[in-house]
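In the form predicted alone, a lone chain appears below as structure tokens.
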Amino acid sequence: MRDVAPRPVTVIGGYLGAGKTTLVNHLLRHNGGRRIAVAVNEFGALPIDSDLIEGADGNVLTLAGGCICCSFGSDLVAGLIDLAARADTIDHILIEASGVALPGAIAQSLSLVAGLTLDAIVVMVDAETIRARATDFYMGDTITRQLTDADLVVINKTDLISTEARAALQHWLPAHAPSARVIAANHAVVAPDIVLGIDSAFVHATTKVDHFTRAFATESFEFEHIVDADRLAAGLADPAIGLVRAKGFARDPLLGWVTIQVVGQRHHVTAAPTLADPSGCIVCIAHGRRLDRTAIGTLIAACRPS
């Protein structure tokens, strides 16, 4: 299938010390063949691991694996326009927000740049400090707004707190990040398909498992019948299903072939090129819970137009 989709952009937010930089370097090291562009305000603000840097030319660092790091100075939109012009050499863009930035505002700026689309807002928090920081006189409002913007919240450094404290934090977070799925990590090690989205190359695979997904369940569902794509996407985003990500292709009775993408509770359906394979396919990822094949299969069947 020819790739005609706009380049996806993931905004990584969170306060200073939560682990954003560690996550970015982890994703660059384990990009799964994706050519990632990292957009930063200035190179000093994001210390890319030195062994990943292959060269420098003006405001661009050339990184291993076909990745780049681009400094946009004070003009994010101009930097994104430059990256959009490089679309043929980029698969995914990461924006690492400053500790005081609101990732939702950054995401809104994407509407000003043709050829880019928001994939997800990922907010990192420190398991030891998030609850205290959220009530801080100076930073509390910013941190709570960061959480409100999130599609995914990564609780980092969970190895530094007790089992009881972890359970209390898992109970506390949903009220402060009502639209997000919450996942736990140590040393910012998260499966790339969770942060960057499911790789299109694996949409028709039966499973995709790597050493980052031990806490995750990943399965695919194939179906030959047409479906109400909007209804299916909304159903997959329902918290009761418990998915952190879903992506796939389906035939809609009105729209024809479409791409369905789900992250957290946000979902969207976009036009897709006609596939030679008549089967639709959805890849689903769950975290910290069993992936309920029966419930998802029932949902897909229920979305078949009567």
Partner chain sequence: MSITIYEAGKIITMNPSRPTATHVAVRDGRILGAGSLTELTGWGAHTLDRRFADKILMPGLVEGHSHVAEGVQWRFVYCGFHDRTDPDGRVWSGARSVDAVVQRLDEANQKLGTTSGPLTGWALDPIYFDNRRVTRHDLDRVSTERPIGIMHASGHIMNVNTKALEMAGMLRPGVNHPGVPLGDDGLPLGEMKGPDAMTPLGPHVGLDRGLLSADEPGLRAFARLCVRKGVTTAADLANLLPKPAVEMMERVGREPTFPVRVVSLRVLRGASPRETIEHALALKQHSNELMRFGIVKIVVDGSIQGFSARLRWPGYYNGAPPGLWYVTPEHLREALELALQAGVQVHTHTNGDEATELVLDTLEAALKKHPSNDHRFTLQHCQLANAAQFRRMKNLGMCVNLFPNHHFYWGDEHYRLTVGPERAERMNACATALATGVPLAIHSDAPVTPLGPLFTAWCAVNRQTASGRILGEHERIGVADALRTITLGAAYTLKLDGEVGSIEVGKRADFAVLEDDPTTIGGTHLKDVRIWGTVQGGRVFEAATI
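On a predicted model such as this, the values are computed, not experimentally measured, just so you know. Numbering follows the first chain given and starts at 1.
Same protein, other form: the form predicted in complex with its partner chain, not shown, and the subject of what follows.
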query	finding
Partner-proximal stretch of 72-80, 226-234, 120-128, 180-188 relative to its partner chain in the predicted bound form, 4.5 angstroms, heavy atom	72-80
4.5 Å heavy atom contact, residue 114 and its partner chain in the predicted bound form	yes
Contact of residue 100 with its partner chain in the predicted bound form (heavy atom, 4.5 Å)	yes
Close approach of residue 169 to its partner chain in the predicted bound form, 4.5 Å, heavy atom	no
Residue 139, heavy atom within 4.5 angstroms of its partner chain in the predicted bound form	yes
In the predicted bound form, the residue from 220, 148, 109, 158 that sits within 4.5 Å of its partner chain by heavy atoms	109
